[in-house]
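Here's a solo chain for you in structure tokens, the form predicted on its own.
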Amino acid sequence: MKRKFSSAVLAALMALCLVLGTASFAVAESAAIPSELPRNETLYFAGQQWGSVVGWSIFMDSANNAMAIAEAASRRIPVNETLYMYNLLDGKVIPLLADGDYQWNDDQTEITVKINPAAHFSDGTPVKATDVAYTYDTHIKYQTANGVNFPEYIAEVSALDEYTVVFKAALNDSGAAKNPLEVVNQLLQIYIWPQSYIEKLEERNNYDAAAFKLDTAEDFIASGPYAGGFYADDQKVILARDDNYWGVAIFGSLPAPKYLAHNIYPDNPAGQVALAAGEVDVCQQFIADVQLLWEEQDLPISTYIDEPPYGICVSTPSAFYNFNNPILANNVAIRKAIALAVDYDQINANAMTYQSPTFVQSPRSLMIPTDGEQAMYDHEAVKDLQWIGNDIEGANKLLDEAGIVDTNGDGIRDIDGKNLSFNAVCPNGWTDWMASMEIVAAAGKGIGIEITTLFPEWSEVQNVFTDGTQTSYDIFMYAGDGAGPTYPWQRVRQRMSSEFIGRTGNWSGNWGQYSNPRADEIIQLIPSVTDPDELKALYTEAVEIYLTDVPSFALMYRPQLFYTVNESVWTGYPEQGDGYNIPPTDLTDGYGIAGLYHLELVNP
């Protein structure tokens, strides 16, 4: 059922369609979107939405709706809201739809959450405990991408009363929660919709799972500050503020911009041009030598930190070895030699333009360069296993000692007469990643291994590397991590857990198909360990295994989101040391959304 709107709203929409062409739209009666957005009421984005929106349903497996639905560790919450928000700066879990902190029972088998009585959806109906329970149950019922994993961690979600929800953990044979970390994580991951609307969605799709998950749900009802309406076509996405947004009760006001708009640019350079011109306010894309925008071009542009690395790096894009290739799977010497030979300083300088800490500043492990994670393993215990890179001599020595040599004099090492020849893959157009893989390929030349770069389109790459049976890519680049309440455990799991081996459509981890029984044991143990010393010992052992077996290797540290802002129209963006403790997650993700409430117009 479509939302009802007045003739004035219809007129505005018709005018907009004339300007922008065929589009998908839905607008609440109080939030008509004008044909030309007032610049002093609109915050423009770049680098989040690529291609046309597919749909607006939180149950779709792939909605391609970056402004409203994002499967990151810190959920994107301008439209749809979660019970809690995550702040990657301090690791805190902050109530949103929830009223206060979640509470474990004494046995740590159940979590109780109170719903904020002020919270309501865009149609004015209150958010109730039954809405929470029904949203979770629906994910399971229709086996959505999220729901397929729920039973592994959560046995039941139930409404104790109108505003109290109980999450019962899935238990192991000893009666303990299988994974307390994941139970908590779901409190920050799942968007909540009204039970009444979900039931309508089910009914109109005749309770068919495939049809239900394909429904674009353009008449959705959500609780976020920008659930007031939307416009979307192949050129842009616009979100309208809900001026009746309930969150005034916790944030103290409505967010400053009335509209959030994202033009769909063809590539990074186009987005950067728009940012420099003041047509974009918040840019989530890599910009080489970003400091030149203010140092040489004197533009009113800034980043979260005004010196290298300019942002908070919480991701470790890595080169994954494909263990479906028996030569790579059976020869750790080859895997480590390539990793030793790569010039990471060159990646930092040329690919990242110093927007990453070096591996001298933050030695490689399974941790990101934050104080909290760096304290979680014994640095001295793994010191001899770590490497800085560009060690051609050490890599050649390693291969020679393993008996992997050039037997026919053609300059390429071989095994059983077969030359060591691999491809190195990342998506075309991802310029910093492409530069990184070229440097990986160059490392091979110095150690007698032929490595050829391959840059398919992302539409192809995403289907290949997520297939656990693929043999097309030998060495391929992906990140897939960030910061959240389950990290660094989640990163260890993503890099080494054999649970993902052979899966198709696998976005969860271990894309190279590595297996180590002891690593699996550690991954199973960590979530239930509360003793800090025991936890540190387990993480240290995980790092030892990872650096010894080298199933993949980090190429750089990188922000979860790039964050560059133009202050020609809006100012007051989050920045390090401003006293607000708002993370640089582009004013859209997790607690980063609090930045929308501090924005001010440069010329009111």
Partner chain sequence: MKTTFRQIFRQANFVIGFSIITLILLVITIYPLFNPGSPLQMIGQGTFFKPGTYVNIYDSLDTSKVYTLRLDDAAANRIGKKLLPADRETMRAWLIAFGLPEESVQIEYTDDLLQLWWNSYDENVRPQGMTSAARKAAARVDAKLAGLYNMESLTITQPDETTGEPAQKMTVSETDYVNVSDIANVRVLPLGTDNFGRDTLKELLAATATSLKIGLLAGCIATLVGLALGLFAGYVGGIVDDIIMFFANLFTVIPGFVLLILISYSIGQESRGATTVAVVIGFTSWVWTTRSVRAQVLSLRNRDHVNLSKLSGHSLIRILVTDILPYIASYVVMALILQICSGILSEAQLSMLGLGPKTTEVPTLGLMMFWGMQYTAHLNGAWWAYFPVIVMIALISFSLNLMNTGLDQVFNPQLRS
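Numbering follows the first chain given and starts at 1. In this text, the rigid core denotes the largest set of C-alpha atoms whose superposition between the two forms falls within 1.5 Å. Small disclaimer: the values here were computed from a predicted structure and weren't measured.
FYI, the form predicted together with its partner chain isn't displayed, but the following is about it.
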item	value
Contact at 72, 315 and 328 by its partner chain in the predicted bound form, all three, heavy atom at most 4.5 Å	no
Interface membership of residue 454, its partner chain in the predicted bound form, 4.5 Å heavy atom rule	yes
4.5 Å heavy atom contact, residue 571 and its partner chain in the predicted bound form	yes
Residue contact check: residue 354 to its partner chain in the predicted bound form, 4.5 Å heavy atom	yes
Residue contact check: residue 478 to its partner chain in the predicted bound form, 4.5 Å heavy atom	no
Answer option from 116, 130, 362, 302, heavy atom within 4.5 Å of its partner chain in the predicted bound form	302
Residue (of 429, 394, 151, 411) lying close to its partner chain in the predicted bound form, criterion heavy atoms within 4.5 Å	429
Residue stretch of 542 to 550, 34 to 42, 51 to 59, 571 to 579 approaching its partner chain in the predicted bound form, non-hydrogen atom distance within 4.5 Å	571 to 579
Residues in 333 to 359 close to its partner chain in the predicted bound form, defined by a heavy atom within 4.5 Å, in order	343, 345, 346, 349, 350, 351, 353, 354
Core-aligned CA displacement of residue 426 at least 2 Å between the shown form and the other one	yes
Residue shift check between the shown form and the other one, rigid core fit, residue 457 Cα at least 2 Å	yes
Yes/no, residue 342 Cα shift of 2 Å or more between the shown form and the other one with rigid core fixed	yes
